[in-house]
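Listed next as structure tokens is one chain, alone, in the form predicted alone.
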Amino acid sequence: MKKFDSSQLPIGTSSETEKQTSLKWFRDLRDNIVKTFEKIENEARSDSILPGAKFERKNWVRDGGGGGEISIMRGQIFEKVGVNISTVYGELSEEFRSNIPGTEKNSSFWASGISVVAHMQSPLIPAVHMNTRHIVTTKRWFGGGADITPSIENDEQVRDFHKALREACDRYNPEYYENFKSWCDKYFYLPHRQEHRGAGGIFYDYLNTSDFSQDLNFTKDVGETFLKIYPEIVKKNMRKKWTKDQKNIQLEKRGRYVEFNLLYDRGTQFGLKTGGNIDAILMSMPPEVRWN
């Protein structure tokens, strides 16, 4: 399989420099997350002769233009964690065009981003999702966010996670946190269950303040905040013992995760409608799940 060359990208509303700056950040963030998560696995095995788990990477190429890299690790702490990056471009189908701003008269698009989903061995550690992206049509914007899905209620984890996100938002706009938190609560909701997927976080889309640097810096801050707070939560809880009943609760909670991602998630729909890699799109699926 030929390797995706991120230097060969079409020019749209955003300058080529802006596109390259964005995709370089997503790649750098991927590398930092991979390094941090592998370090946690090594620390967990510090008293063992077995080596720590490592991410396995796989490149993929999109027929219509672009491609990406899938990074998956299965370990002692992370039952399954995926850290994917992609940069895709080309023409949107007429069917999907109405869902994407700026494609009413021009079907061309360019999109780059990172997506992280972690399902943990311990039911005492929340599952987590983070993704950020830069999309260009005849318009351009940033989007993304981060949220946690605890299996066992833990007010401290939820408080610390939201506190970190609030501080990141407040560095840019005092209205960001409440607006993006509310958006997250509405977005990660399962109407057929009449319940939220998890304990929330922030979600934003179509962010364009006309200041590319500020919008990119905010998007970077979301990623860096995630990289700081989530490993702290993991380390505080990764050596705690759990029960079989707690594990069963986790497996049932994962069922809600699957239902949301397959029925409602925009990222899943965007990937499927734009000819993305199926393994990358379904990376978010947990390794084991139960419905009662």
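The first residue of the shown sequence is 1; numbering continues from there. Just so you know, these numbers come straight off a predicted model, no measurement behind them.
Just so you know, the form predicted together with a further copy of the same chain exists too; it's not on screen, but the next bit is about it.
S.K.: In the predicted bound form, which of the stretches 28 to 36, 238 to 246, 222 to 230, 263 to 271 has residues with heavy atoms within 4.5 Å of a further copy of the same chain?
M.R.: Of the options given, it is 263 to 271.
S.K.: Since only the chain is shown here, I'm wondering whether residue 74 would be in contact with a further copy of the same chain in the predicted bound form (any heavy atom pair within 4.5 Å).
M.R.: Yes - in the predicted bound form, heavy atoms of residue 74 and a further copy of the same chain come within 4.5 Å of each other.
S.K.: Under a 4.5 Å heavy atom criterion, is residue 192 part of the interface with a further copy of the same chain in the predicted bound form?
M.R.: Judged by the heavy-atom cut-off of 4.5 Å, residue 192 is in contact with a further copy of the same chain in the predicted bound form.
S.K.: Is residue 258 part of the interface with a further copy of the same chain in the predicted bound form - any heavy atom within 4.5 Å?
M.R.: Heavy-atom contact with a further copy of the same chain at 4.5 Å: present for residue 258.
S.K.: Applying a 4.5 Å heavy atom distance criterion, does residue 166 contact a further copy of the same chain in the predicted bound form?
M.R.: No, no contact at 4.5 Å.
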